[in-house]
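Just one chain is shown here, as structure tokens, and it is the form predicted alone.
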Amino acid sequence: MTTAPRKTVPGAVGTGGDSHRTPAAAPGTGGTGKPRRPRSYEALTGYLFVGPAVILFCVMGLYTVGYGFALSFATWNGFTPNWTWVGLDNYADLLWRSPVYAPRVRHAALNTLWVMIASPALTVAVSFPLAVLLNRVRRLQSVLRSVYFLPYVTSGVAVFFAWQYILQPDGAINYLLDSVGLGSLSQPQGWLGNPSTAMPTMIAVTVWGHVPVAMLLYLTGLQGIDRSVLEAAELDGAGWWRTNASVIWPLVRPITAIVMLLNLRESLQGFQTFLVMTNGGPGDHTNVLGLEAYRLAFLKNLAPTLGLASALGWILFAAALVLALINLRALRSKT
């Protein structure tokens, strides 16, 4: 038995062959023949690219947040050169001490609580069945998805004004009820003019605006479910309702938590819809905390209430932070 002579690769490391090795790369070339830039130059280039964003964040983010927090401990109307420091008086006036502001804040908090309870629950109740039905449609699914998503991409102020016309005494809702023989349900004062129907109507409009995003999130989750799970449920004899209630609903529970969190945040801090459509009326039946903070800041005819508005904003921030932590904790315990 003979052994073929082993060939040696010239220049290979560890071959122990001849000394025809590739010469070591010159310092600064990186082994590719191109001159290598020093690390300090690369770091400086990175800082120059990131610098404008950091400066913008510091000016528009940290400075304004710190400014607003400091303002919550002072009284100021926005035009006088100096603030008047009052410590925690603004928080005390808003929460219990002032006979003028505390009752308004408590009434607005109650209205906000109704919105925070009804809006997320109705959004889930509408968007989940809608996503299940849309997920089963094979034809024109993209068209239907675009139609249901249209309310979200439409300009908010224009839509709110359109809703005002629809809900007026001679609007489309009352006309439709009269046309189908349900004239007894129509509202002669308009759906936003009657104190008993104003807040439920505002909640319905708010839900109408939240459903598109929630429906799209649910639809994305439904399309990610393994088909074998659904086929196993069908083989076990589960019907449509049982499959959705016992299989699909638990699988999309994290999406439900996200939808609830987003709606809670919008309900707690949102005021645009209420400002445009009712401005808190009739009376204060649709006044919410976000709208009350806006009024204290800009609609007090140079009264020194900017500090009160800032304090109310920080109270809303604290409440939103607590709700977010509770929601994340519940989500972590369920998943």
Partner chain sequence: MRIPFTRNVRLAAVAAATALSLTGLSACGGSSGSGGDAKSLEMWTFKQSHVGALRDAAAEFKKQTGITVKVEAYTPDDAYTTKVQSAAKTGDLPDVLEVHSDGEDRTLGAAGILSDLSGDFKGDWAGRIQQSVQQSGLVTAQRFKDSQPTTAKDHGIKEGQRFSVPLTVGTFGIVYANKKMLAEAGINKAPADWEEFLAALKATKAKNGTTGGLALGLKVQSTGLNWVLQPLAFSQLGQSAYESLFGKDKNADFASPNGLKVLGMYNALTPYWMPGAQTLTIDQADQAFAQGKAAFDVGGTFTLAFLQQNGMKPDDVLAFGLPSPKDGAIPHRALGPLALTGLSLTATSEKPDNAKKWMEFLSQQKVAAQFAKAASDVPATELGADAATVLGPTLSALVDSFKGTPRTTYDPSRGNEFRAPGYEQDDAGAILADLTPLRQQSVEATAKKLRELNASYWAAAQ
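Everything numeric in this text was worked out from a predicted model, so none of it was measured. Positions refer to the first chain, counted from 1.
We do not show the form predicted in complex with its partner chain, though everything after this point is about it.
Asker: If contact means any heavy atom within 4.5 Å, which of 123-131, 251-259, 233-241, 167-175 contacts its partner chain in the model of the complex?
Answerer: The contacting stretch is 167-175.
Asker: Is G183 close to its partner chain in the model of the complex, meaning a heavy atom pair under 4.5 Å apart or at it?
Answerer: G183: no, not in contact with its partner chain in the model of the complex.
Asker: Please tell me whether any heavy atom belonging to P212 falls inside 4.5 Å of a heavy atom of its partner chain, as the geometry stands in the model of the complex.
Answerer: No.
Asker: Hey, in the model of the complex, does R265 get a heavy atom within 4.5 angstroms of its partner chain?
Answerer: No.
Asker: Is G221 close to its partner chain in the model of the complex, meaning a heavy atom pair under 4.5 Å apart or at it?
Answerer: Outside the cut-off, so no.
Asker: Quick one: which residues from 81-118 get a non-hydrogen atom within 4.5 Å of its partner chain in the model of the complex?
Answerer: Residues within 4.5 Å: P99, V100, R104.
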